[in-house]
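As a starting point, one isolated chain is supplied in structure tokens, in the form predicted on its own.
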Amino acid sequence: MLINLLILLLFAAVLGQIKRGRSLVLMVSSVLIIYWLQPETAPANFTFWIPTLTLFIVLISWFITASPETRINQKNRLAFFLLLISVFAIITTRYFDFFQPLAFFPPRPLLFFIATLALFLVLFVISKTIKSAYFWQVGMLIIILFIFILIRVPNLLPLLTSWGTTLLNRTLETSPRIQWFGYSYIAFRLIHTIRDKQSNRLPSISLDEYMSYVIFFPALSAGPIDRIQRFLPELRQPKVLKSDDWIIVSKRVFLGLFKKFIIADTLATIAMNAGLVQNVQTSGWMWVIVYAYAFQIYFDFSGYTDIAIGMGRLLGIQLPENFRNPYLKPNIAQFWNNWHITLTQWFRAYYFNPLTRFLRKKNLPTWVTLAIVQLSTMILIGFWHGITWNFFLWGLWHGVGLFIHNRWTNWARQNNTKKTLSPFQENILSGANILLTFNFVAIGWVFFALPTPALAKEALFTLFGIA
């Protein structure tokens, strides 16, 4: 992993010096990298077809959001040609022994040719049904969400495959096991662009620019989730790195590497996991491993974010910040405004706010609307990490916390309970609030880190000394 990151950083530094045709070069580079970083899956040919399907989905999403007159202009035809050539170049590696260490063994060119013909057929049908653009956009949203559910629900794909093979009276040598590199972030970017197109907020964008945005390799595996309206101007007019900028970028990258590979990886040896929970017998040690996990996940995630932001800056693009000292915030609302900021903002823009406006029209009591919106939002954020009971409980935990905090804040404001405190008392109160919020979040990580509710219950009982 460290070697891969260092290679990507070096590659980004070189790529950032390209001035002409940079969006085309960035698109081709991201295409090749998405194959390189795709983890090995079963069956083996899935390792090639998963990134290929990613590119086809992104291409179709661009096609249904682009205006008919721009779909076939010269630049977009060139981008489409380069996209296919890039994938074909990947396929040719099957004939060279030098590339055998790659995780996948590409199929024969004939299979890719058939897949490309199928893609052309889909694009042709879409182009002939221009009046049904909204239908295609809704259909693509359904497909994106279906794939998300397919790969996030444990054992769903093997179960569906088992049913299918039973109906066809066939057997498989290996059960399908999908690891779809970067799909969560790709899905959010695609949904963002399709919904913005439906709301007439999507700017005109070429195929190479769209591809570069959706599969932008620095932010593909761990975010941040950038907006195309913010990303596009910097893609077209990248920020030039000056001498001082190189120092800032270097510090950011080294900080990220230190967080991830020194702090987070060290904490991982004692952080909460299923094996440790089953072996820890005392409340004190359970608190140690829970706290270790809380800091391990923060330094791991924020470390990757630092590296991604530094890498993006090497390419002339300033990615948005994703963490602002979340464990130092005095309440759960401020925690979520500073933890995985781009994810929170995405859900606020595309789920929380639209649902709130819809429910307000139903004349429901304010507290009922707030409860529905906050609980469902946090449960969906939990499901974004994985569709399991434990992620449901983690989302519910934070949803209830946000609701209680909102109701308490609203009651305190209406009853004017705030008293004048000395600076020392304010510092004590602020510290107590930070400590309370951190422990609330840390306890929530029990649901997040463990695979089953039964194991989470065992951890919580030990945590609080309940026999």
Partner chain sequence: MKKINPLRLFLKTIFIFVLANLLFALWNPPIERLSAYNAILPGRTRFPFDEVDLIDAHFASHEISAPKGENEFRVIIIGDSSIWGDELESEQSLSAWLNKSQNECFSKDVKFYNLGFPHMSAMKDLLILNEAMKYDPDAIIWSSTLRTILPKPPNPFLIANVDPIFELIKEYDLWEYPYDEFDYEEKSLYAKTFIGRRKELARLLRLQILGIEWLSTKSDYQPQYIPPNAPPTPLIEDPNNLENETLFREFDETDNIVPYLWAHYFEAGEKIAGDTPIVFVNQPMFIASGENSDIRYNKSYPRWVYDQYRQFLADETEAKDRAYLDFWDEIPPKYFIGHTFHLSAEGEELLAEIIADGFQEAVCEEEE
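Positions refer to the first chain, counted from 1. Worth saying up front: this structure is predicted, and the values here are computed from it rather than measured.
Beyond what is shown, the protein has a form predicted in complex with its partner chain; the following relates to that form.
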| query | Asp244, Asn279 and Leu455: each with a heavy atom within 4.5 Å of its partner chain in the model of the complex? | reply | yes
| task | Indicate whether its partner chain has at least one heavy atom within 4.5 Å of a heavy atom of Leu380 in the model of the complex. | result | no
| Looking in the model of the complex, any heavy atom of Pro203 within 4.5 Å of its partner chain? | no
| Does Thr266 reach its partner chain in the model of the complex, with heavy atoms at most 4.5 Å apart? | yes
| message | Given that its partner chain is not shown alongside this chain, does Trp285 nevertheless sit within 4.5 Å of it in the model of the complex, heavy atom to heavy atom? | response | yes
| task | Work out which of the listed stretches, 338-346, 244-252, 82-90, 67-75, brings a heavy atom within 4.5 angstroms of its partner chain in the model of the complex. | result | 244-252
| remark: Students should find that, of Gly275, Pro365, Pro233, Pro154, the residue having a non-hydrogen atom no more than 4.5 angstroms from its partner chain in the model of the complex is Gly275
| said: Going by heavy atom distances of 4.5 angstroms or less, which of Ala115, Ile270, Leu328, Leu370 would be at the interface with its partner chain in the model of the complex? | reply: Ile270
